[in-house]
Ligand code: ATP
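The data below hold one chain only, encoded as structure tokens and taken in the form predicted on its own.
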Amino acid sequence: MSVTWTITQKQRLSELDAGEAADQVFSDTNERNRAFQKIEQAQVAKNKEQLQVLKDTTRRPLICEVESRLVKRLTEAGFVQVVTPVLLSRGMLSRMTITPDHPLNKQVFWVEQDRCLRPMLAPNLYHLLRDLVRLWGKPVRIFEVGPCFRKESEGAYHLNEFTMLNLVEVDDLEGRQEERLQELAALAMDAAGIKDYKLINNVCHVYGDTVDVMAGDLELGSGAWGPHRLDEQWGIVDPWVGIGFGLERLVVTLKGHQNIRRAGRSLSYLDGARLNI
């Protein structure tokens, strides 16, 4: 009779980023337990080595380094970094069509009756664009990096709290919005250090038609463009393009992690290394 890992062993293998061993089958429990001990010891040593490299050499988690690379490249390309509130009003969310009957409404963390933790950066950027087009004229190129929150913790690649980078450009882009999106995706991927990616046309609940940035089966980012049906709500009349990336997903792709929790804000992991070892 063959045996597989216990639930506890599977959990531990996942914590130590050894999930590729999850499908192993053994002839008996003794063989299984010896194999588990061997894998655990090897992964513990690997995690300790990663922590030592962080202490002695890199001194910054990769997610911070990726953010710095992206900020540097975008500002060099003429984008201006902005910082906006984490708390979002119900009205701002409604202007993105996220009303009580919208599928995304169930994922929102409400902190008061009319305020929530922002599930996306787009509403605040939309709000800024109207004033900045008036004050600066075209083109307007802005971006923000910051935390977002959604009730979507199920699955290996979802987090309740995650870090988004969202950039948007307003300019005379009529007829070449998708081409410009491809250019901006290439700029961001090059800055992050990701070479193997593809662009796929898709549809989402908020923007409708999108262009998604994919690494294998993992969505790293998603872009949209206007004129768009949402624009009137924000007083935007010019063509624009925008694209957002999940920084934790960029780190997962760079490091080959099998669980996004290793890449995010955590008290259990530090720069992808498990602390309970």
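Note that this is a predicted model, so its numbers are computed, not measured. Position 1 is the first residue in the sequence shown; the rest follow in order.
There is another form of the same protein, the form predicted together with the named molecule; it is not shown, and what comes next is about it.
Within 4.5 Å of some heavy atom of the named molecule in the predicted complex lies at least one heavy atom of E219. Residue contact with the named molecule in the predicted complex: Y157 places a heavy atom within 4.5 Å of it. Proximity of M164 to the named molecule in the predicted complex: non-hydrogen atoms within 4.5 Å are present. Residue contact check for H228: none of its heavy atoms lie within 4.5 Å of the named molecule in the predicted complex.
No residue in the set R69, F79 and D190 has a non-hydrogen atom no more than 4.5 Å from the named molecule in the predicted complex. Here the chain stands by itself, but in the predicted complex one stretch of 40-48, 56-64, 238-246, 26-34, 238-246, has heavy atoms within 4.5 Å of the named molecule.
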